[in-house]
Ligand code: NVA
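What follows is one chain in structure tokens, specifically the form predicted alone.
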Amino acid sequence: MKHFINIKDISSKDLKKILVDAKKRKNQRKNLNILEIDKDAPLKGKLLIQMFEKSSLRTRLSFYLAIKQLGGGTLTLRPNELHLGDGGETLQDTAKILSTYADGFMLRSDSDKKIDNFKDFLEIPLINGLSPSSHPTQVLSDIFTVEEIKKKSISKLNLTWIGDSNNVLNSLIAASVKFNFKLNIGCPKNYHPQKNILNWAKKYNKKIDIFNDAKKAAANADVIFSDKVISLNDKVNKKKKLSQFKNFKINEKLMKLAKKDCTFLHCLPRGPEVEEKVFFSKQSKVWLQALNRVHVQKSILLYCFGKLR
């Protein structure tokens, strides 16, 4: 049984196998409608239970379609429909019931500890659909998208992140180690990535350059990533935070400092951190980025279910 919780805990070999499989499956679906099942139907009869403690659009839809296209089914539960360690049932007992009724469990949680507790008690694979410290399914799909657009290994590219240091960036840093690509980070001085993830990368001799100047971070970039500066559940002074990021807004001038064919990606939802002229430009591939979540998550499911080709 294999979980998919954090990119840093999965071997480079397995991560690359997932991407190879996703590419094959995407190519094989060119003439199929959205709900048509893949010809081999590798997860026929399998059930994935999903639960979201935080709002979700792309993760919810993509996992629903992923398991459907593989021949299985899905059931989505609301947090208030489960005890989750509160009230009359322990989290351990909840995990036992989930393991009895389903073949896999996808959880988007507001607690890393809850993810870890479920991992200890579940007898079925656990997939992290987002937690405070990690968003592994998003970032692996982003790597797939970059390689699809650039038609080369990501290890040969310069990637830049401009914006807040968050769970997506944590997973991108982990990916830079696993896939050996150059990563620059542009953010204000008080918003550097957490030391634990930087120290982990340093253990693998990975040098990540952090700039407090967006222009320096963007220079010579093949791809520029960003994310919403003010997250939905951010308990901060929003006006103050936005003012601190005013010089890190992704605009046409900033994009011109990168390579001419630089691609812009954003995991969505977006905010004022990117100008509409960039977001809707030819360089922006955000819609392809969102669509590819389905293809990569299919292969993540196959990895967890022991069916990866």
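Just so it is clear, the model here is predicted, and its values are computed rather than measured. When you see a residue number, it is the position in the sequence shown, counting from 1.
The form predicted together with the ligand is left out here; the points below concern that form.
Could you tell me which stretch in 27 to 35, 263 to 271, 278 to 286, 240 to 248 has residues with non-hydrogen atoms within 4.5 Å of the ligand in the model of the complex?
Looking at the partner contacts, the answer comes out as 263 to 271.
Given that the ligand is left out here, which of N196, S153, S231, T76 has a heavy atom within 4.5 Å of it in the model of the complex?
Checked against the cut-off, the match is S231.
Only one of A218, C187, I173, L130 has a non-hydrogen atom within 4.5 angstroms of the ligand in the model of the complex; which is it?
Of the listed residues, the single hit is L130.
Looking at the partner-bound form in the model of the complex, is L107 within 4.5 Å of the ligand by any heavy atom?
Outside the cut-off, so no.
Heavy atoms within 4.5 Å of the ligand in the model of the complex: does N166 have any?
The answer is yes: N166 has a heavy atom within 4.5 Å of the ligand.
Neighbours of the ligand in the model of the complex among 57 to 82 [non-hydrogen atom within 4.5 angstroms]
None of them.
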